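One chain follows as structure tokens, the form predicted alone.
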């Protein structure tokens, strides 16, 4: 299966881009959604998280208190590393399963940490959604009601905007209108259809080929 890796910083609009691809019948595997599933209530991973971080990261209904966990791990790189070492292998296996069972000409892997986690090595094409840092902060603050310090901590934990764009095979500028976004996605969709067809014929060479805890 030809895989397009979709990424971008917090508040860049990756989910909006993913929905545009879905309108063309393309399967989107959402790494954030997978990350939620592997630590859902009652899972072994969630039990290990509670044992390590304490019961205050568990809500009354038995589910993960994600805002509380984010506060802990983004304030302490060692704790973030511990969490990633636990969850990333689980996320990777489930993503592999979803990609292998996807139908269509190609599949999109949407992942905030596609480049940071090395998931880009598993894709044929890296698509980066880009906006200014000011726009990232404004959109993330309006969407999630996160405080500005936490949003900046997430931005700092991710790859820089310049590094991300340097590793991209394709770029989408999401600073404009929805119509502009949809037009860019449509053009890329046609490109990916061609590349996917060529890859099945054995003539395509992958591009850069360069998990998640709610960083969208």
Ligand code: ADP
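Positions refer to the first chain, counted from 1. Keep in mind the model is a prediction, meaning the values are calculated, not measured.
One more form of this protein should be noted, the form predicted in complex with this ligand, which is absent from this view; the next part is about it.
Of the candidate stretches 74 to 82, 135 to 143, 93 to 101, 114 to 122, only 135 to 143 contains residues with a heavy atom within 4.5 Å of this ligand in the predicted bound form. Checked against this ligand in the predicted bound form, the residues 176, 67, 54, 62 give one hit for a heavy atom within 4.5 Å, which is 176. Contact annotation for residue 197: none of its heavy atoms lies within 4.5 Å of this ligand in the predicted bound form. Heavy atoms of residue 193 never reach within 4.5 Å of this ligand in the predicted bound form, leaving it off the interface. Interface residue remark: residue 20 is not counted as part of the site for this ligand in the predicted bound form, having no heavy atom within 4.5 Å. In the predicted bound form, this ligand lies within 4.5 angstroms of at least one heavy atom of each of the following residues of 2 to 35: 9, 10, 11, 12, 13, 14, 15, 16, in sequence order.
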